[in-house]
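One chain comes next, on its own, written out as structure tokens in the form predicted on its own.
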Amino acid sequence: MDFELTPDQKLFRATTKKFLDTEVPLSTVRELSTGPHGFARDWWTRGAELGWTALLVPEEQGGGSVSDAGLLDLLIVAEEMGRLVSPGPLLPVNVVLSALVEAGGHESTVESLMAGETIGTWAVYEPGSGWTPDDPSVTATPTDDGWTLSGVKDRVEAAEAADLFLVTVRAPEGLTQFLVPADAPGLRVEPSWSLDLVRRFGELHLDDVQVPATALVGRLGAAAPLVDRQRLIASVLQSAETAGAVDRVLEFTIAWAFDRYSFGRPLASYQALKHRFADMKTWLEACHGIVSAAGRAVQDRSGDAAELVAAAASYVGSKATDIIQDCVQLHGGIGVTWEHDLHLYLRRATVNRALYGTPEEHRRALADLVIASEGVSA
């Protein structure tokens, strides 16, 4: 984040950092990798008490932000969590909250999510499909007193830990979203293997799941603007987290280069490595800059928000894994060992690169937006 932080935001960052350093250091992250959910629910509740789940919720609904720019405050949390490859459903819970706030209603669920008592996640991907959130094949069929949902979602973050799912579906009226409880009859979660050691993903099977009419989020067939907003928030949050991870990796790689001697001199003193570090530092600052611009645009609902988010997600997604791979090489053999923390960051950045749109998908989206804005045919 390269915008100037207010004193309150600096205090918020410091508080978040101290909490994460104390509660989930990398040693704990490794221990959590063998647990069922990759995070402890009571820990998440304590994170919620720090305000991590209230930043996108207006004050009149019990939320509030540090700077009156909730998304920018949330990006601070995402960046700090990236620096420690922290566990926890920060992104999915806040995406669900943003949807409920935008759509209105579901007040008790909003309160429960904000309190950290309930875990919600966004079920948007489908098997065999790329990043096409506005084109689901999961269907919703009307019944006498509600809806029947059928189909499969995959790559659902925190699926096994979730108490409810925000599911994008194709209803007769068009794109629609429903809030489905995890214990709904016919709903089944199958865990998926993940490269990331602590984040869990799952496949969500909806076998004629019956939901009441009150499960509808927003209006029937009118979810496209909501989903667009959720897509922007998810992408920019993930980009901030990835930038935070790269920041930390470059920090300890430079420190390693000063500590490690070759022919009586620190590795960092060799000009070839100085040039390499300079390149990586430049790319990293570009990551921070473009995430900051995208976050500001989404926060302000600027007309160019979609373009900036696509640019940020494609740039950060590509450069993050390049930089971390470079850092693995600079560490030599120790960089590819299980004991070194580097692989934790490379795993996180690699998974992030594939989630909520790959760099290639974001570049195509950016090209489509530019073509549309200039009124030329593709």
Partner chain sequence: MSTESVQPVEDFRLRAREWLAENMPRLEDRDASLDDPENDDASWARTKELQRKLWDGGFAGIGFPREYGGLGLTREHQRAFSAESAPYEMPLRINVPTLAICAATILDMGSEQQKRDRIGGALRGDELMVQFLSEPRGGSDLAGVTTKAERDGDVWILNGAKIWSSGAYAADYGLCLVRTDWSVPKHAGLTMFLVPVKAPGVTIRRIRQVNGSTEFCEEFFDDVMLPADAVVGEVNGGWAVASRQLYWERTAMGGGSPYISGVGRGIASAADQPLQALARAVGRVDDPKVRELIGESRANHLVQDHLVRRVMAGLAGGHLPGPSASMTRLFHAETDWRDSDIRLEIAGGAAVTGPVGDHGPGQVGEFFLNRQAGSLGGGSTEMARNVISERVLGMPREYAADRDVPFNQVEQGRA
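This is a predicted model, so every value here is computed, not measured. Positions refer to the first chain, counted from 1.
FYI, the form predicted in complex with the partner chain isn't displayed, but the following is about it.
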Check your understanding: Here the chain is shown alone; which of Asp135, Glu173, Asp259, Glu285 has a heavy atom within 4.5 Å of the partner chain in the model of the complex?
Key -> Glu285
Check your understanding: Which residue among Leu179, Leu187, Ala293, Ala161 has a heavy atom within 4.5 angstroms of the partner chain in the model of the complex?
Key -> Ala293
Check your understanding: Would Val29 sit within 4.5 Å of the partner chain in the model of the complex, counting heavy atoms only?
Key -> no
Check your understanding: So in the model of the complex, does any heavy atom of Leu100 sit within 4.5 Å of the partner chain?
Key -> no
Check your understanding: in the model of the complex, does Asn352 have a heavy atom within 4.5 Å of the partner chain?
Key -> no
Review point. Does the partner chain come within 4.5 Å of any heavy atom of Ile254 in the model of the complex?
Key: yes
Check your understanding: Pick from 39-47, 61-69, 311-319, 334-342: which stretch has non-hydrogen atoms within 4.5 Å of the partner chain in the model of the complex?
Key -> 311-319
Check your understanding: Within 4.5 Å of the partner chain in the model of the complex: all of Val227, Arg229 and Gln329, by heavy atom?
Key -> no
